[in-house]
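Just one chain follows, in the form predicted on its own, and it is written as structure tokens.
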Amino acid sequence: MKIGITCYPTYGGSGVVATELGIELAARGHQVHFITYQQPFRLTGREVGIYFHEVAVTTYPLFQYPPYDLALASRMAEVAEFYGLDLLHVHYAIPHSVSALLARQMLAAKGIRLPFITTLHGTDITLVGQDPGYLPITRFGIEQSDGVTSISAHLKEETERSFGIKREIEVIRNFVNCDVYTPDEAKRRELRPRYATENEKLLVHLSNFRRVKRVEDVVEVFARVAQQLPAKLMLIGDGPDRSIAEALALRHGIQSRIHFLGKQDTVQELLPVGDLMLMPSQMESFGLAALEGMACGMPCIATRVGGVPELVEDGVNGLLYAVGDVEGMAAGAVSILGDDARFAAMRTAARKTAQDKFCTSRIIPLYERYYERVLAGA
């Protein structure tokens, strides 16, 4: 198939999933065209079967806000016609589903069929989409899509409840390449001394440091863990709450025990060196960072929110707590890291969960079959 993919090409989960999906589809012989305002950060530009088409947004004194959604729709239609795309797959409903709808209508006027699929990722439904200014257009974009998928059963239910959606929504969960994200003892021996000594435990957090990720809770949990056992913290990512985390680390006097690594393009090389993933989010529709860590053999301390329980099984491959329960999360982390047998069992279970349920070999065929169903019914 010839597939157009549109996403936010940034470090958020929706962009990561869309990019990884394109990479995997191209590896399976499909032709993939990314249509967005810049090349997604996980692409090198050298992948076989992947093409990037930049959306140029014209600035004009009349426009206080450049109309990206209109420029996107125009570029979608151009790329689809020129390359003979079979379908568009847009990630994050706002504004991508509406832009795809416009592109579909533009091409229909020329007698060209271009169905599109919208994948719902989380805040497009739970936060932005429920803003009164966006709710009607978000609902309309979802209802007009030729196919709709959701990354978790929880997000599907939330979409149906909040928007009154009656149409079918297919649940296709997030995925990880288990050959790329894998426990790597050689890499662990090589890189771990940079971040922790042999007798120290290494805790990890990976996010875009937005308020919903509660990075301050990560620091609070680590401060309590560090009082009870030798440990270091690796913070991967960047965003508006980084300064809050830095100030909190200074207040606790633990700044020398925290590695602020900023945004990293190759997290698969860093995750195998960690021992435990911390994900104390206010809301997660799935928890891709947790999955990537689990695939590398890290149990996860997380909050019991959204789609997280569909990934983290409490007491088996991680532990689940209420939002804000930093005392409980810290005690749980110490209990895992201080018990070698339990830690080893959870490491094994975390990896097994990724392999058995969320590897690309299991999830990508679900997308391929869904594409075929949409194309047959469009």
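Nothing here was measured: the structure is a model prediction, and the numbers come from that model. Residues carry their position along the shown sequence, with the first being 1.
Below, we refer to the form predicted in complex with a small molecule, which is not included among the displayed structures.
In the predicted complex, the small molecule lies farther than 4.5 Å from every heavy atom of L270. Proximity of A354 to the small molecule in the predicted complex: non-hydrogen atoms within 4.5 Å are absent; the residue sits far from the partner.
In the predicted complex, at least one heavy atom of M283 sits within 4.5 Å of the small molecule.
When the small molecule is considered in the predicted complex, G12 lines it closely, a heavy atom lying within 4.5 Å. For the three residues N177, G297 and F358, a heavy atom within 4.5 Å of the small molecule turns up in the predicted complex in no case. Checked against the small molecule in the predicted complex, the candidates K213, K232, R104, K156 yield a single residue with a heavy atom inside 4.5 Å, and that residue is K213.
Among S74, Q144, T182, N208, the residue placing a heavy atom within 4.5 Å of the small molecule in the predicted complex is N208. Stretch-level contact analysis of 284 to 292, 240 to 248, 257 to 265, 218 to 226 against the small molecule in the predicted complex, using heavy atoms and a 4.5 Å limit, identifies 284 to 292.
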